[in-house]
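This document starts with one chain, in the form predicted on its own, laid out as structure tokens.
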């Protein structure tokens, strides 16, 4: 246990000792007042400074009348000194109150957490050393997560760290973490969200670095379409086709839904085969729905054979020729996965325009730029989560492929992935397995969840634990009422040791017993009611720390962010 986890509470003094020390303090105060009253009073009365006599001699001299009290002037001097002392005490209380101003009920716990060398790798100096070693040139040495409650020093996440944050609703994650992280990124940024607040805030500042791409197939922010993306450009072989079909499955299957071992697997394989056939023949992704609604159409089989995918063609032909009930079940499952292909509004974003021309998004070019991509969708009926997830995966894998061509196998300009509302918008089932690997490639991922159980719903209990452990930065911002998770967090924060004194009385005599006790630094109820503006950080190799959040309103570029928001809301002229 760290030394700052030990304290006396209450102190080990007995009641008699406390009375003795109190009496001595009062006597010394009276002695000081008597000396000051005699010396200053004599000075005021005679206009001549008396000798600097020992205070004890003054006290005894006044008592045996060998020294004369200066009368009225002495009492004036006592009054002045008393007023001065009261002023000093009042100033002390004022400074103490100012220091505690803005403190929350949990801030006292910070003194039992990480300090000094225990959190050396969270400091700005370490972040700057890492940036220099990696050759990263950025305006900041890392991503600022907040300020230490204990000292006010900034805490940094380096350009090789990965973050997972659990933040309940209305805890300030977008204001204090998501937006500042995006604005501090030195290279390309990919962000997902189910609201417009992110794109509204970052569009102006990030457009000074590069193009801001807004993918809005569900009209979350009523973004006019100025470009399109071909999901089949991601499908370069059967492996990528399987992955894309898996994204459709992840986005359309409720984590709590009952799964059918045969039809779910067969339906996903069917979608994979059709995606591969459409990509090989240069067809739009909407052709998949045509083939699903016309199961006797053997054109995809012919395409696969033409491109020497005989085994996949055989499997697809087996689905077409299967008994009616079996074929209906397989095709019905596949149609459920591809339901988004019937959404005309969404399909405009993933198909070439019927009239005119629009630029086509190129993931390979994006990861070599300083551009920003915000992908937005909502959960529920008509969700375009499959497309958002596919675009996120395509861009991230393009970044990985580019990193492999660079010295050291990592991006010199890290790409930041901010997966806000990851469990709702971007259900990336493979994320726990990829987390630490992407960090070594210079792909920095920040995943935001509203609760631990939300993550378990996507990745399962084992997968969520794996993701939590793979991230070397784990942040809790409050707003969660799951006792199991909060109990684990309380245990990870640890305990502190204090001295407890028990006093007893028997037959007119008192006795005291002092013992060491231990208690949790932050209890379950402390964590459940963590005040807004506070966050708890667990990081690899460091002791836990309590942080103050840093909203974008306190940044140097706050005016530019506010102007971007005003422009998005149509109030730019009024700002």
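Residue numbers count along the first chain shown, from 1. Here the structure is a predicted model, which means the values were calculated and not measured.
What comes next is about the form predicted in complex with a small molecule, which is not displayed.
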(Q) I'd like to know whether residue 171 contacts the small molecule in the model of the complex, with contact meaning heavy atoms within 4.5 angstroms. (A) yes
Q: Decide whether residue 433 counts as a contact residue for the small molecule in the model of the complex under a heavy atom distance cut-off of 4.5 Å.
A: no
(Q) Can you tell me whether residue 176 touches the small molecule? I mean in the model of the complex, with a 4.5 angstroms heavy atom cut-off. (A) yes
(Q) in the model of the complex, is there a heavy atom of the small molecule that lies within 4.5 Å of any heavy atom of residue 197, even though the partner is absent here? (A) yes
Q. If contact means any heavy atom within 4.5 Å, which of 517-525, 60-68, 26-34, 544-552 contacts the small molecule in the model of the complex?
A. 544-552
